[in-house]
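One chain comes next, on its own, written out as structure tokens in the form predicted on its own.
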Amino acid sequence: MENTYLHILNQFNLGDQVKEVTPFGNGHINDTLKVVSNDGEARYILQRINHLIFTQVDVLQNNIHVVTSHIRKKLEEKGETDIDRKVLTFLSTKDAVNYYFDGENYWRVCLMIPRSQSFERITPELSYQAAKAFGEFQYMLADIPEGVLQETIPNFHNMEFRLQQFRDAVAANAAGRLSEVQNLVGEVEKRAESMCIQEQLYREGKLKKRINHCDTKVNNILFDEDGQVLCVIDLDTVMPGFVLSDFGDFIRTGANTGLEDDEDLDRVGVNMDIFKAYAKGYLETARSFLTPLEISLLPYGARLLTYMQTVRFLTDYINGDTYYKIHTPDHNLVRTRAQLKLLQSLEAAGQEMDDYINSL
């Protein structure tokens, strides 16, 4: 075990002696490690926060503290038991702060939730359970006053901002790739105006910002041994946003019949069973705080987030692959085409989706 890890862990109020520290999980942003105590039990998670992405670590950690404290209080008021398995618990350092800066990197420690599991593959039943969990998560945070939480990644799901980044990339043509993607640029631009409805409605006072998770994937939920939801995890992107984005991002990732970077576009489309299961579960727990306008726009949210990701992949390809990790020189181009195909499938299913939402 590296002495560095031991030194970092010693800054936190751990109740155990540490036996070993090993890599854990498959996250793309932070470095995550499992901490095993002397009795052989994995008791803690140690994370190095990626401060190149989360540039204001104090804001990030304050958001997480507010969210976890708020959820814990709600669970206590409901008379829930086993609360330490139903909300993440972050440890304080001996200086009473919830992260440690070693002069170069930022670190945090949370309790490992015992007897828990997560899933990568999605089924209609898992989709339904995940939807109820994310809806309940938003419901519990709906009464946090405006201004208490800040954006951990500014403009993360702001379509107007993403389009400006895209247009700047097209104008600069930094990698000299523009000529080969003109048809894709056209596909982006012909939808641009209709894909900025969210921001327009917000300015008109018709759509409000709520506390969102902003990374609503099924693997960001922990389940118990019996497959029942324990809690929502990966709280780094919890911040003010629009519910359309949270709903849409799950459909974009969970209801795609192909891969996000599928080279065989015939495999890519929308799985309506997943969509319907998610819509049903989400409205069961979120309906009480949603407006009729928000509910009617949920299918639009699926199109919006898929369009946004199409734009972001294409922007990165035009820029010369400066943001996303790539495995082949045309990886971002492959991703763009796959996302555009999913978007076209969502557009084709739009009426069916609207009808199903109305039926609920």
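This is a predicted model, so every value here is computed, not measured. Heads up: residue numbers just count along the shown sequence, starting at 1.
FYI, the form predicted in complex with a small molecule isn't displayed, but the following is about it.
The stretch among 174-182, 229-237, 190-198, 98-106 whose residues place heavy atoms within 4.5 Å of the small molecule in the model of the complex is 229-237. Using a 4.5 Å heavy atom cutoff, none of 149, 155 and 245 lies near the small molecule in the model of the complex.
The closest heavy atom approach of residue 47 to the small molecule in the model of the complex falls within 4.5 Å. Put simply, residue 62 is far from the small molecule in the model of the complex: not one heavy atom of it is within 4.5 Å. In the model of the complex, residue 88 approaches the small molecule with a heavy atom inside 4.5 Å. Taking the partner from the other structure, the small molecule in the model of the complex has a heavy atom within 4.5 Å of a heavy atom of residue 220.
This chain is drawn without the small molecule; in the model of the complex, the residue among 75, 113, 170, 144 with a heavy atom within 4.5 Å of it is 113. Residue 118 is the only one of 271, 165, 92, 118 with a heavy atom lying within 4.5 Å of the small molecule in the model of the complex.
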